[in-house]
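A single chain comes next, written as structure tokens; it is the form predicted on its own.
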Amino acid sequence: MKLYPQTFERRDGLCYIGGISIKDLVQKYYTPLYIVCAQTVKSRVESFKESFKKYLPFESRIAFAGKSLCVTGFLKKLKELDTWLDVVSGGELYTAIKAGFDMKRIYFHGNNKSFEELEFAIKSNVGYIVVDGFSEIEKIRELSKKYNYIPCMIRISPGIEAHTHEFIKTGKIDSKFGFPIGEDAIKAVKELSSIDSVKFKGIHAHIGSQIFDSKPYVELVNVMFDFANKLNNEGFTLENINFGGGFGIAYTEEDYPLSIEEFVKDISLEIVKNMKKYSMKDLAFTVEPGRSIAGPSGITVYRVGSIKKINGFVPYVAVDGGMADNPRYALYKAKYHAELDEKTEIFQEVKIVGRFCESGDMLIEKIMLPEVNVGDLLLVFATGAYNYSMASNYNRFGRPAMVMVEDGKDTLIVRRETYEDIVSHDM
């Protein structure tokens, strides 16, 4: 099934992932529990790499979008897989350092980087600082008095409308991200390049998230090459064009995104056309998948704690987690697929709700499940991205543990928070 991690299976009435029964994982680590399938991570990274190798005769870079899942153990796995990385804060950069990531393979993003974060990035020798506004240029100008090498790109807002949720559209001209393409963006390159310490490296754009077809990317390639050509005519040399991420995944059976290979093929063929059209050479090309690598790799396991039935209404099934470990329904009305661990028949429609003090604390608004009983384990799929990374301590609940599974072995990569953790910063 397209919604399952690669190693997920049902065997002898139980669910397994990475060769380990989910029941055994829960007995060891309790619930709620984030589980990451390392084989799925590897498979999806390799799919990006092999597809670019097949369709693009130029250097390609797969930079994982750290905001989707940034914990040391997960980044170590990506390092093993020889990826690049995109970070958006000092905290994500510090996590990458702790994971042993090659700093030259890091893109440092963010629309409001602090002076301290920029200095941290420069001192850490990151490969690219992606500049997002004129106020950031002034910070870099000040830092140039102290540092003699600052590698920079600019982020442009390309004016491309991707058909996705309004909150995750980022490529519009009217956006908090980037320089509007045209005079503003050219002015930004000129101002950056006038700073002695700055080495201008290239351009970046990101048009949104959870995009299901390649048409916006094809349009983006054309827009970016047109702008790159204008910069060349102004005397500026580029070494990298970064097209961002946003490649969609299936959360339910209703979702039909293109495959990784289909996305990469269409983007690559358009790059090849434009390289010939503008007679360009010596360019590297980057994409920044996050959700499309981490999302399908993860599941979250909950235990059912109570069931509320009201005559004439859909029953409420409450689990021991909710919006604090997965806020995506509250933010976007996001949909998910879920199943019970040991049951597959006797279907009924239910609502899956959490245990937090909000009426909007919902995980799944309506879903058909077998008969549910208190104590059952509920598995929610495709939760590897933007679940733990957006989790909170709302109502003073600790964040769940995260375990990575591979070839019959489980490795704890985030321990469960305790009550003492929750009060550890209180004065």
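Start at 1 and count along the sequence shown; that's the residue number. Because the structure is a prediction, the values reported are computed rather than measured.
Form predicted in complex with a small molecule: not shown, discussed below.
A.B. asks: Would A65 count as a contact of the small molecule in the model of the complex, using a 4.5 angstroms cut-off between non-hydrogen atoms?
C.D. replies: Heavy-atom contact with the small molecule at 4.5 Å: present for A65.
A.B. asks: Although the partner isn't part of this model, could you tell me whether F101 comes within 4.5 Å of the small molecule in the model of the complex, counting any heavy atom of the residue?
C.D. replies: Heavy-atom contact with the small molecule at 4.5 Å: absent for F101.
A.B. asks: Should F263 be classed as touching the small molecule in the model of the complex when contacts are defined as heavy atoms within 4.5 Å?
C.D. replies: No, F263 is distant from the partner.
A.B. asks: Does any heavy atom of Q210 come within 4.5 Å of a heavy atom of the small molecule in the model of the complex?
C.D. replies: Flag for Q210 set to yes.
A.B. asks: Please determine, with the chain shown alone, which of 305 to 313, 246 to 254, 219 to 227, 269 to 277 has non-hydrogen atoms within 4.5 Å of the small molecule in the model of the complex.
C.D. replies: Only one stretch passes the 4.5 Å heavy-atom test: 246 to 254.
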